[in-house]
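Next up: just one chain, as structure tokens, the form predicted on its own.
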């Protein structure tokens, strides 16, 4: 496996050089575009890694799957999906057009920004700090890492430049989609996106999902099986933004990307995979990371299709 991961990194590096870090969040534009790392966690808790797998980065949209699971556990599936849809979209992840033009103003799915902001508002807690601490505690459990916290500089950068997200949240508040005060929801969302992990953390989270919610280390049930399976379905249909269809064909694994360069993938019953490469393609996905996953999936015949 170690040699396979080394080969996967070498396969992905030329593609990483073609991408660029996210520029619309100033703090993310400072990331080294040559970084590329991968980690794998088996169903027995064994871990292998290669490249820049220990470099920390912000979760960005990879955090959406954790927030969705927590919101469903807090409020129930029926309530969450009365406010957020289950359909993929061919529009960019930060698009507002569907909210304005569809008969129902609810976001199409929880993997796009509008849907994730709405889901974020459903997390239980007395205030922002309480909700954030609950979410981070949950992510720490999924990643088996008690040191996870959020990056203050990235949070401030997102908060300063988050005009589109504020537009989405205000539109949904007007349509009675989100719960609570708009600015409170956004402050939680910006901190959520700035939570820091590395590829090994994402691989562990992927392994929990691959095991239908069971920890590969302790055997503890961290997520109800039905919620883990529901989230993996969203990852297949919507997890790679408007490149999800092509990714399903080429890689065939439930996966979720983020503009920080991370991708978490779950090979059901086999392993979790975490990759990191901050150089993004035109869809906002890690250019090298996608190729690393494509290589691993092909060599190990992991596609679920």
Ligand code: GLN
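Positions refer to the first chain, counted from 1. Since this is a predicted model, take the numbers as computed values, not measurements.
There is also a form predicted together with the named molecule; it is not shown, and the following applies to it.
Problem - Residue stretch of 246 to 254, 265 to 273, 22 to 30, 38 to 46 approaching the named molecule in the predicted bound form, non-hydrogen atom distance within 4.5 Å - result: Selected stretch: 22 to 30.
Problem - residue 259 within 4.5 Å of the named molecule in the predicted bound form, heavy atoms - result: Yes, residue 259 is a contact residue.
Handout entry: the named molecule contact at residue 121 in the predicted bound form, heavy atom, 4.5 Å
Key = The answer is no: residue 121 has no heavy atom within 4.5 Å of the named molecule.
Handout entry: in the predicted bound form, residue 198 touching the named molecule (heavy atom, 4.5 Å)
Key = Residue-level check for residue 198: no, no contact with the named molecule.
Exercise for the section: May I ask you to check whether residue 60 falls inside a 4.5 Å heavy atom distance of the named molecule in the predicted bound form? Expected result: So residue 60 counts as contacting the named molecule.
Exercise for the section: Counting non-hydrogen atoms within 4.5 angstroms of the named molecule in the predicted bound form, say which of 151, 157, 165, 109 makes the cut. Expected result: The residue in contact is 165.
Exercise for the section: Using heavy atoms only and a 4.5 Å cut-off, determine which of 202, 178, 209, 193 is in contact with the named molecule in the predicted bound form. Expected result: By the 4.5 Å heavy-atom cutoff, the listed residue in contact is 193.
Handout entry: Any residue of 112 to 136 that, in the predicted bound form, places a heavy atom within 4.5 Å of the named molecule
Key = Residue within 4.5 Å: 113, and no other.
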